[in-house]
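Encoded as structure tokens, the following chain is the form predicted alone, with no partner shown.
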Amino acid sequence: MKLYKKWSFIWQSKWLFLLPSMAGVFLFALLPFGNMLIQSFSGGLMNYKTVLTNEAFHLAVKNTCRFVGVGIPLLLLLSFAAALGIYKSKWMRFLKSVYLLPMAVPTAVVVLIWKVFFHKAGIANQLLAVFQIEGTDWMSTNAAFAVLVISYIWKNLGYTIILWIAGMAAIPESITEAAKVDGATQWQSVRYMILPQLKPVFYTITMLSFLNSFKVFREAYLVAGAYPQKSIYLLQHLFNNWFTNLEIEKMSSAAVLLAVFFALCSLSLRNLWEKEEVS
């Protein structure tokens, strides 16, 4: 009878619904990561020393940090400004659909757009020629970094706008109405009323934008190949090349270092957020 009650409790509890997801995480995430951790120490600490002294690793880390540091703030700023502009507009539903179109565009089409627009004899240089500005070989110079950032923002702008609008929709109208009654300007209302209410949403959007920043590798790889211009040589390029050469120990060590770094960054950001909410 006791055994029956125990299994009945498990059957009716929330854990039953979490079991498939937990099993998937264990089989496809935790177990592979454990195996990778073992592989990284197969040669002792020498694998980590090799990675940390590798010039390609330094370049990839620097470019990835630079891309994240430039792309994410621009994406958050532009998407928030756009969300404020279309929120409660009569065209909001239509504009939301328009902004989401880039997410529906297949990667192959995006790559084609890149090649047509940013080729040395492409549309971008032709537009510059109209204003008598000398064109550039976009994908073979440092301008490739700007192209990468533009592609990332274009691809993720609509999705981020929708997240901002969802956060704004949860703000009680009484707060903004009270600010108007007190004579607050539009900027004051945004700064002192709307932004503080969007802090939890801002954390979620930041984390999602950070994760989505790693998906830009597909377009960069298809356009520029495994060894692109140095300014857009990212960590994904490095791992791809190591995998091609079957340098498993180096891949494992680098992956462990990055996992620890990302975990610390995420926890630090979360703790900072919680402290601000408490204060």
Partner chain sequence: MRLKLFRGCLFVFGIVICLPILAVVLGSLKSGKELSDALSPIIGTTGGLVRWHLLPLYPTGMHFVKLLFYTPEFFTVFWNSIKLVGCILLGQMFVAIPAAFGFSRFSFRGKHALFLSYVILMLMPFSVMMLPSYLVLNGMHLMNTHWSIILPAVFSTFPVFLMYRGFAAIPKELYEAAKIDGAGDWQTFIRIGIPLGSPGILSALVLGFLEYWNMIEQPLAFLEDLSLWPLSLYLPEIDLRRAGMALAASVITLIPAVFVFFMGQDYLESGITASGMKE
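For the two forms, the rigid core is made up of the largest set of C-alpha atoms that agree within 1.5 Å on superposition. In this text the structure is predicted, and so the values were computed from the model without any measurement. Numbering follows the first chain given and starts at 1.
Below, we refer to the form predicted together with the partner chain, which is not included among the displayed structures.
S.K.: Indicate whether the partner chain has at least one heavy atom within 4.5 Å of a heavy atom of residue 52 in the predicted complex.
M.R.: Residue 52: no contact with the partner chain in the predicted complex.
S.K.: Please determine whether residue 42 contacts the partner chain in the predicted complex, using a 4.5 Å cut-off between heavy atoms.
M.R.: Taking the distances in the predicted complex, the answer for residue 42 is no, it never comes within 4.5 Å of the partner chain.
S.K.: Do residue 133 and the partner chain come within 4.5 Å of each other in the predicted complex, heavy atoms counted?
M.R.: No, residue 133 is distant from the partner.
S.K.: Even though the partner isn't displayed, in the predicted complex is residue 101 close enough to the partner chain, meaning a heavy atom within 4.5 Å?
M.R.: Result yes; residue 101 sits at the interface with the partner chain in the predicted complex.
S.K.: Taking 4.5 Å between heavy atoms as the contact cutoff, choose which of 221, 48, 57, 233 touches the partner chain in the predicted complex.
M.R.: Among 221, 48, 57, 233, a heavy atom within 4.5 Å of the partner chain in the predicted complex occurs only for 221.
S.K.: Among 123, 175, 195, 76, which has any heavy atom within 4.5 Å of the partner chain in the predicted complex?
M.R.: Partner contact (heavy atom, 4.5 Å) among the options: 123.
S.K.: Taking only heavy atoms into account, state which residues of 109 to 136 are within 4.5 Å of the partner chain in the predicted complex, ordered by sequence.
M.R.: In sequence order, 109, 112, 113, 115, 116, 119, 121, 122, 123, 126 come within 4.5 Å of the partner.
S.K.: Aligning on the core only, does the CA of residue 77 end up 2 angstroms or more away between the shown form and the other one?
M.R.: False for residue 77: its C-alpha shift is below 2 Å.
S.K.: Does residue 109 count as moved between the shown form and the other one, where moved means a C-alpha shift of 2 angstroms or more after fitting the rigid core?
M.R.: No, because once the rigid core is superposed, the C-alpha of residue 109 moves less than 2 Å between the shown form and the other one.
S.K.: If we fit on the core, is the Cα of residue 143 displaced 2 Å or more between the shown form and the other one?
M.R.: No, shifts by less than 2 Å.
S.K.: Would you mind telling me if residue 21 and residue 209 are closer or farther apart in the predicted complex than in the shown form, C-alpha to C-alpha, with a 3 Å or larger change?
M.R.: Relative to the shown form, the pair is farther apart.
S.K.: Looking in the predicted complex, decide if the C-alpha atoms of residue 265 and residue 162 are closer or farther than in the form shown; they differ by 3 Å or more.
M.R.: Nearer in the predicted complex, by 3 Å or more.
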